[in-house]
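Just one chain is shown here, as structure tokens, and it is the form predicted on its own.
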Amino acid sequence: MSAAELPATHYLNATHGLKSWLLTRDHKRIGLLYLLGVSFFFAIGGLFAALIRIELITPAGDVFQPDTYNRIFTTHGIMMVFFFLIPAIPAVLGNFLIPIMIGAKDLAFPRLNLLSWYIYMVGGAFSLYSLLHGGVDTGWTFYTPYSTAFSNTYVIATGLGIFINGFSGILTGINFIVTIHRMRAPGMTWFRLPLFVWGHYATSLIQVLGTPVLAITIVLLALERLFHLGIFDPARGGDPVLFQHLFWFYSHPAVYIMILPAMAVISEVIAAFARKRIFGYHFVAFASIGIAVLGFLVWGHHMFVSSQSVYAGTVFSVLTMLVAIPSAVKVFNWTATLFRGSVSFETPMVYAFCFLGLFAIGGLTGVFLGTLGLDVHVHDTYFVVAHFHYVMVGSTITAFLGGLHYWWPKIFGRMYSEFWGRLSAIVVFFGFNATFFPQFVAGYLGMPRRYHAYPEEFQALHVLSSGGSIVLGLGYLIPIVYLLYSIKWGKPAGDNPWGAIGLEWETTSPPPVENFAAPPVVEHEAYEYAERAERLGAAPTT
């Protein structure tokens, strides 16, 4: 196919009409449906984040009443965590790319895949229902006994939305696991899989094993709220710390549901734009599995000040340090890959560098919070808020944007403006740091989180943070404009605009309905950039 034209028939134009999209079983179209969904919920979460920053410009708490502020930050957390950060990369990029990357025609269960999107939207609808009727004020963690015995807001409706949404993640995880096990193309052995697939395989294990625990916890919360059973309420003989154990047993691995797919994206981008096989490919692959396993063993570090014994706290502190090792393996191996690589700075690579900077800060400050003595000092302060956002928001969103820019030519067959792409990445990076780095300082000095009023000595830091959020918001808005513009007016991309290696770059842009004109056969290792350079007569990168 000429680089000046798009294929005559591809998944976007094979069938027409709204019904063909709403009843589609094509994993690529379902990925785009998820893109619309997560973008919608991201917009809601971002709007409520803006309201938070507006309130915190002044120390008096003079924009919203305390109860209203509680509902605002709760809605922001629920929308961002459960309906954007957790599903964003797996549901959008994973859905679109995993079958193509392994040489399959589709996911193993296409109908189940479509059902997972409908479940996701129904869960979001329940949460929006509670928002439209006044919202919920418990915080996104729903801590008991406040959520079961004292809150007069729509706790059950919101919890039901999250409960329903959890089944979407479980079904997606099952679909990915079965597809990766059973539908790889001939020659696609486990250690020829792209690291993107390894990352999503590990993520799927967490989704399938961890999400039911959250579902059970929400059911118990609802039962106690409805029937006053005394599971978590100490006034009825319950144990509120039990809720924390159950909640964080899922919710800390949920951090890795967000960050493992982000790491998977970064592996692909760095290999493509450094023109090298990822250094220590096997270590990076097994690091994904190691993070998934160890992630289930560290939930107690959220409870150092929640009546947990010093001995249990010490064990969880040590385990927290251990889970940092496979994360560090990935960072060091990415750095080694870049060393003496033929590095180019297209938009996806700029986002990858942004990810490395933000993830390094988030990861290192996580070690602080895993240390017993220091965590007691900064617990429930803005230090935790900053760390949380560097890992879960800054790192995940920059990886999501980097991956979206990397595979955008494959998804739509069109190129976007490199100037605006690089500019948006730089604006996001500086805006994010201006927003959240001052919060490390405020938290270390004792500024508690979730307060709408605060001492005047913290105002300068909050003003800086709110100003940075304006820059950050602009950085998120810019890509919406030029990416949408590129769908119709962008330059045709060709099948492989980056000169990358992988099965997704061996089919047309956009791909046909069944992904490949003929079933592919894999004969080479993953990321054979040096070998390809030798075949083409160029000097290989070492």
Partner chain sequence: MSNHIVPVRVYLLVFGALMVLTTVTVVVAYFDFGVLNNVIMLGIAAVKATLVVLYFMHVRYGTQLIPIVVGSSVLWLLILLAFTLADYFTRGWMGAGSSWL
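Numbering follows the first chain given and starts at 1. Note that this is a predicted model, so its numbers are computed, not measured.
Below, we turn to the form predicted together with the partner chain, even though it does not appear here.
Visitor: From the list A125, I426, I470, L242, which entry has a heavy atom within 4.5 Å of the partner chain in the predicted bound form?
Guide: The option sitting close enough to the partner is L242.
Visitor: Would you mind picking the one in W299, W117, W198, F84 that has a heavy atom within 4.5 Å of the partner chain in the predicted bound form?
Guide: Contact check passes for W299.
Visitor: Given a 4.5 Å cut-off on heavy atoms, tell me which of 86-94, 300-308, 254-262, 154-162 is the interface stretch with the partner chain in the predicted bound form.
Guide: Single hit among the candidates: 300-308.
Visitor: Does at least one non-hydrogen atom of W420 fall within 4.5 angstroms of the partner chain in the predicted bound form?
Guide: Judged by the heavy-atom cut-off of 4.5 Å, W420 is well away from the partner chain in the predicted bound form.
Visitor: I'd like to know if F249 sits close to the partner chain in the predicted bound form, meaning any non-hydrogen atom pair within 4.5 angstroms.
Guide: Although the partner chain is absent here, F249 would touch it in the predicted bound form, with heavy atoms inside 4.5 Å.
Visitor: Does L319 reach the partner chain in the predicted bound form, with heavy atoms at most 4.5 Å apart?
Guide: Taking the distances in the predicted bound form, the answer for L319 is yes, it comes within 4.5 Å of the partner chain.
Visitor: Is H181 close enough to the partner chain in the predicted bound form to count, meaning some heavy atom within 4.5 Å?
Guide: Contact with the partner chain, yes.
Visitor: Checking a candidate spot here: are L209, A312 and V315 all in contact with the partner chain in the predicted bound form (at least one heavy atom each within 4.5 Å)?
Guide: Every residue of the candidate spot has a heavy atom within 4.5 Å of the partner chain in the predicted bound form.
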